[in-house]
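Listed next as structure tokens is one chain, alone, in the form predicted on its own.
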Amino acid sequence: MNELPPGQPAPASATPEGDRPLTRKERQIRKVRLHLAMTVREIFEEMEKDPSRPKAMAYFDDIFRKFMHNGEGVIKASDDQKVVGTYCVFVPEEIIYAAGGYPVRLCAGAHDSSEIGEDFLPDVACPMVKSEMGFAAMPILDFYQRCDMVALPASCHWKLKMGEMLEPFDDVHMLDVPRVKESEKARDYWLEEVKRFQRRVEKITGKRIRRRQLRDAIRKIQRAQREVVRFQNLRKTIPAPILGRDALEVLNAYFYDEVEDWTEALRALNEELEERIANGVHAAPPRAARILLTGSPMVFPNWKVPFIIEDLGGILAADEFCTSQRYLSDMVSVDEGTMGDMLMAIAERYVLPCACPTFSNTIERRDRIARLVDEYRIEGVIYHVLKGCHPFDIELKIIEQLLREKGVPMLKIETDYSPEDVEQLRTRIEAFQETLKGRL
């Protein structure tokens, strides 16, 4: 039998040992690895058709290309470094870094792994949670298997029940996120949850977090956030210096990369974008319809909607997802350098400014969307709802009313990770963008 290139998934018909028939689990693993590799290859084949892409994007491309090879090398954790998987935006990464650990966000966007997840969840469950369960249950991607612990905030009912289902596969630490964050009692409770997480991370890593380590971790992430602010300000330029799907890739890459390496790569990209703007180089025509994406988050490789928007001549000018533009938007604000003050500041950073619809009061979300519409000169909003993602679906009418008052058209799309509805989505998005052209 001919040998395959290193990391290349074997054909589904191959057997691991001689002629022994593959088990159902082995067939599933091979199928998902093969299909994931094909999906990633198709994404980059499409991206490579654009010769004007910023050269600095190569760094971020390299991270996601490794998904074609079972995810080996995606994360840079050393052999003796503890890896903490995170399943939501509410996990305090500063604490993980301060203890010498390596955080990796495990939000997933693969259709085939979501099919495996249906062995644990009903078919009406959130596609992201199903995809996450599929990767956790089977050895498909390397970095899922390397986690010494996973942190799972109970940010929605699907995530709450997912904690129980993960226990046979991972050491799970649940974080109880308060629903009414404005009350003093809720803030105190969340602070205690953050401290409980600190103790658990210290136990896993075997390292006590000191004041200096926590301060350095806060500053490390703040440097990344400052580059993100610079990046987002550059994206406000018309015509756009970078495509929105490339911006989505940059921000998704933060999930996996070492924070200082990622910050340096983004700094290099920002410098290139500044040169492009100065030289009049742009990624979209000046009159391209400027679209804002909001609603249920999008995660690699489920980028079908951004690709459709920009293939049809629009520009994804901004998004309001916790997996990209909102992920690093709020900094820890420390008044004093004591441990207590820093932990309080960390707790507040992860909850108080958060615009997730899981909270009872969503005024921050409405304000954030209104601000994005104004700052990025948005001409149309696409409200993306994953099937089974109830918090975002419930909030639709509130956001629709806000946009109506601002005179901004909105299109709701409901989808999952399946590629089967791509043409239907294309038809609806094309019609929506045509109406925007008539308004320009």
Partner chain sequence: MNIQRLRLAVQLLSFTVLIYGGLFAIDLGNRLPTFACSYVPDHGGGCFLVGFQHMLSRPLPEFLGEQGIRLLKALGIASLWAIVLNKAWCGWVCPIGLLQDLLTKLRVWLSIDMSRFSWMTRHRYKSVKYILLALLVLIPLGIGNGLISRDWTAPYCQLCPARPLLPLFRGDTTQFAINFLSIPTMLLTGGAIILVGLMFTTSFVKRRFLCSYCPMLAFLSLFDKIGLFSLKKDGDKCTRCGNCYRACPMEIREIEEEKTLKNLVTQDCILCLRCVEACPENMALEAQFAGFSFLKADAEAFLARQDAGAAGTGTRRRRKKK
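Positions refer to the first chain, counted from 1. If you're wondering where the values come from, they're calculated on a predicted model, not measured in any experiment.
Heads up, the form predicted together with its partner chain isn't pictured, but that's what we're talking about next.
> 312-320, 101-109, 223-231, 121-129: which one contacts its partner chain in the predicted complex at 4.5 Å, heavy atom to heavy atom?
Stretch with heavy atoms near the partner: 223-231.
> Would you mind picking the one in 345, 138, 156, 259 that has a heavy atom within 4.5 Å of its partner chain in the predicted complex?
Answer to the contact question: 345.
> Taking its partner chain in the predicted complex as the reference, which of 145, 81, 237, 361 has a non-hydrogen atom within 4.5 Å?
Contact residue from the list: 361.
> So in the predicted complex, does any heavy atom of residue 367 sit within 4.5 Å of its partner chain?
Yes, residue 367 sits close enough to its partner chain in the predicted complex that at least one of its heavy atoms falls within 4.5 Å.
> Please determine whether residue 371 contacts its partner chain in the predicted complex, using a 4.5 Å cut-off between heavy atoms.
Yes.
> Evaluate residue 341 for contact with its partner chain in the predicted complex, applying a 4.5 angstroms cut-off between non-hydrogen atoms, and reply yes or no.
Taking the distances in the predicted complex, the answer for residue 341 is yes, it comes within 4.5 Å of its partner chain.
> Does its partner chain get within 4.5 angstroms of any non-hydrogen atom of residue 271 in the predicted complex?
No, residue 271 sits far enough from its partner chain in the predicted complex that none of its heavy atoms falls within 4.5 Å.
> For 196-211: residues with a non-hydrogen atom within 4.5 angstroms of its partner chain in the predicted complex?
Contacts from 196-211: just 211.
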